[in-house]
Structure formats: structure tokens, C-alpha cells
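In C-alpha cells, one chain follows: the form predicted alone.
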Amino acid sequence: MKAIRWHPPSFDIRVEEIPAPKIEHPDDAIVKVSLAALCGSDLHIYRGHGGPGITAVHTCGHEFIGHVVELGSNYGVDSAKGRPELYATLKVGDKVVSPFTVNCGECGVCRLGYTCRCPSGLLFGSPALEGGQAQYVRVPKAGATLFNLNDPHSWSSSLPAELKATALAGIADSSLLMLADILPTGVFAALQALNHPKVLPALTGRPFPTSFFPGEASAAMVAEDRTLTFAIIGLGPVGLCAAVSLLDMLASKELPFQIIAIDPVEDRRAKAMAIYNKIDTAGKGKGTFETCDIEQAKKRCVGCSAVLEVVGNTSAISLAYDLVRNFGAITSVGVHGQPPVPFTGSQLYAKNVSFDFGRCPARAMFPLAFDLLVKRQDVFGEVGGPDSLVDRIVSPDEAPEMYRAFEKNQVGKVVFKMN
């Protein structure tokens, strides 16, 4: 099969013919990949920043959609009883999308919803597990990992069953592919920021600590106290998904808000504004949305209720600290590498800032992400426009050039047509 492969030490992507994967465990599935995407997280290994242990040649990519072509022996038999539903129902031919990490669905971590930290978890597109930028991919623990797009009854959603089925029929694969990573991660960042305990006083109208308990809004709090200000640092595909998600969540609340979207790249800021302008009035709520570069942000938005950091480097997390208010919250979903976090204990003590770091539990976030995908097809449904999340769909043969251009901020979200 054809596969997009990384070679050490850095900046070396090759399109190669390698053996197609085979079933290695009874819980495995083999998926024929139709589309695979290039994600900002892929750039860490591409640049040689994956860490000292990342030295093996491997197939790239952790976002893919396709069809099941082979299943291990644990599917559709008595041994599937009491296990995640897909072990009993998944069939060859089913259309599936996968979250970017494997999870077992059966351990205590998975039962709590923290699927990205399953002890059996593996990251696609790493030396531990071959990635999805290939014509075929092996999916371990597939009965708990995959989403069956042929059977909307097999996963939960707030949408009625008939609407789920209709929505699936009308959404392009390039849009559904966003469920693998960028959309769940964007929703996750927005959800954590808006629901953080330190944002509660503005949401409830009751000062800390009464904000934790039921009651009437306080007459002592004025309108300014209840105005929420959010900064989003990084306007790549995940940052744009976070912005759309946060807008959607805030539009349902009768509260004023400001969202300030920050990126040093002018084209990314322009795309963010184009996407915002495309959203209807009802989806914008009672707030404002603007973009700025880093220097403008330092002057414009100090004192944020919460900051969503979607880059994953020390300069971005330092900027988040500078922008957040005392008793504010920072939620960081960017992939941070080896450098230590650039804060002293006295800095942390001085602002009473709360930090949430880490990987999105994409498998658990799927229902919320799917509902937003259906609702905002005006944003997520097109390809190649100035207000589209996906910039290009290309042949895998173009992978070396697309990696180079993406790393240089010369192109946005790229999707490879693998079959």
C-alpha cells in the first residue's frame, strides 16, 4: 500500500510503498482509508521535536476516515457480550471515523470519560502505532475506539435519531473527518474554559464562593462584573474550531462577552474573521469577536476571564499567563514538548491562576462535537474557501510539499485522498 512516512531526524516526509497491515489481535480492525488529514500536532515530529525516543521511521497521521475491511475474531460472537457495543455490531463495510488515540472503553479511566489516558491507549502516527496517512490502517481496540457512521444508534447525541441519520447522509467525508481530532479538541478547550469554577461568578451572578451554590444573582454585582472576556491563542484549525465552539456555547447564554482571537499570521486572522462573519446573528449571541496579533493582544486584552491556549509552546503559554486576570483560568490543549513550563512558584501564587493542560479525550467528546458539526455546516461544510476549515484535498503524492507549506503557514488544513 501507499503510505506517507516520516524519516529521522527531521523535515523528511516520503511517500512509500509498504506492506498493508494485518490483524494482530482479536480486537483489531483493518480500515481502508478514504481521507486522512494533516494536523498541527504532526509538525512536532516533522520538526524533530517529538522527544529523544522518537527516532523510528513510521507512517504519519492521526486523523482518518474510511471503511472496515477486516475484523478480528472478537467481533459478533459471545465474547462480545458485556463489552463496548461495537464488538457486537461492527461489520465489514461499515463507514468509520477514528479518534486520534486508541482506548479500551472498559477500564476505570475510560468509564470516567478520560479516554485519552486509557492505560491501553496508543497515539496513531507515532512509533508505537502506525498512522492513518496510508491506504490501510490497523485499529487496535477498535470496538471501543471507532465511531460507526453507518449506525447513529451506536453513539449518544442530543439530536433526535432521525435527525442524526439525516445529518450523516448529508455531511461530506471531509467534514466528518474533523471528528477525529480538531473539532473534539476545540470543543474540549471551550468547554473547559467556559465551565471552569473561576468563571462561575460571571455565569451565576454570585461572587466567589457563593457561585458554587444555588441562589439568586447578587445585587452587588454590576454588568461589568458579568462580562466574560476570552482570549484564544493560536488560530490554526484547532483554534478555529475552539472559536466556533465557544461562540456556540456563549450564544445560548443571555450574557455579554468578548472573544479576542490571537495569531501572528495575518492570513489566519483573516480566516477567523471570515468564519465569524459567516455565522448567523443567532449564533453570535450578545458578544463581540475580534482578532489581533501578539503585540496588539498585550495592549488589548489583559484581564481575560479565561484563555484558551491552542499552540503548545512556551511563548504561547507565557502570553496566556500575561493575558489572564487574577483568579482566571487557562486551558491549554496545545501539544507541549520538552522545554519546562516558564513560570516560577511566585508567579503562580501571585495571580491565583488555574491551569488545565493536556490531550483531549476525543472519544468522549464525540457527541458534543458531532452536534456542533451538524449545526455549523455553514462553517464546516465547504472546502477551499476563505471561510472554510479545510483548505485543500490533495493526492498523497503531494505530502512532502504540503508538510513543508503547512509548517511555513503557507496553507491551512490539508486532507489527503488516500483511496
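This structure is a prediction, so every number in the text was calculated from the model and none was measured. The numbering used is simple: start at 1 and walk along the sequence shown.
From this point on, the text means the form predicted in complex with another copy of the chain, which you will not see here.
Contact check for Leu112: a heavy atom falls within 4.5 Å of another copy of the chain in the predicted complex. When contacts are judged by a 4.5 Å heavy atom cut-off, Phe188 counts as touching another copy of the chain in the predicted complex. Contact check for Gln338: a heavy atom falls within 4.5 Å of another copy of the chain in the predicted complex.
When contacts are judged by a 4.5 Å heavy atom cut-off, Pro201 counts as touching another copy of the chain in the predicted complex.
Checked against another copy of the chain in the predicted complex, the candidates Gly385, Gly381, Gly48, Gly358 yield a single residue with a heavy atom inside 4.5 Å, and that residue is Gly358. Contact with another copy of the chain in the predicted complex, defined as a heavy atom within 4.5 Å, holds for exactly one of Ala272, Ala167, Leu194, Leu71, namely Leu194. Annotated contacts: Leu247, Phe257 and Ile393 are all free of another copy of the chain in the predicted complex [non-hydrogen atom within 4.5 angstroms]. Of the stretches 385-393, 22-30, 49-57, 349-357, only 349-357 has residues with a heavy atom within 4.5 Å of another copy of the chain in the predicted complex. Within 4.5 angstroms of another copy of the chain in the predicted complex, the stretch 361-391 places a non-hydrogen atom from each of Pro361, Ala364, Met365, Leu368, taken in sequence order.
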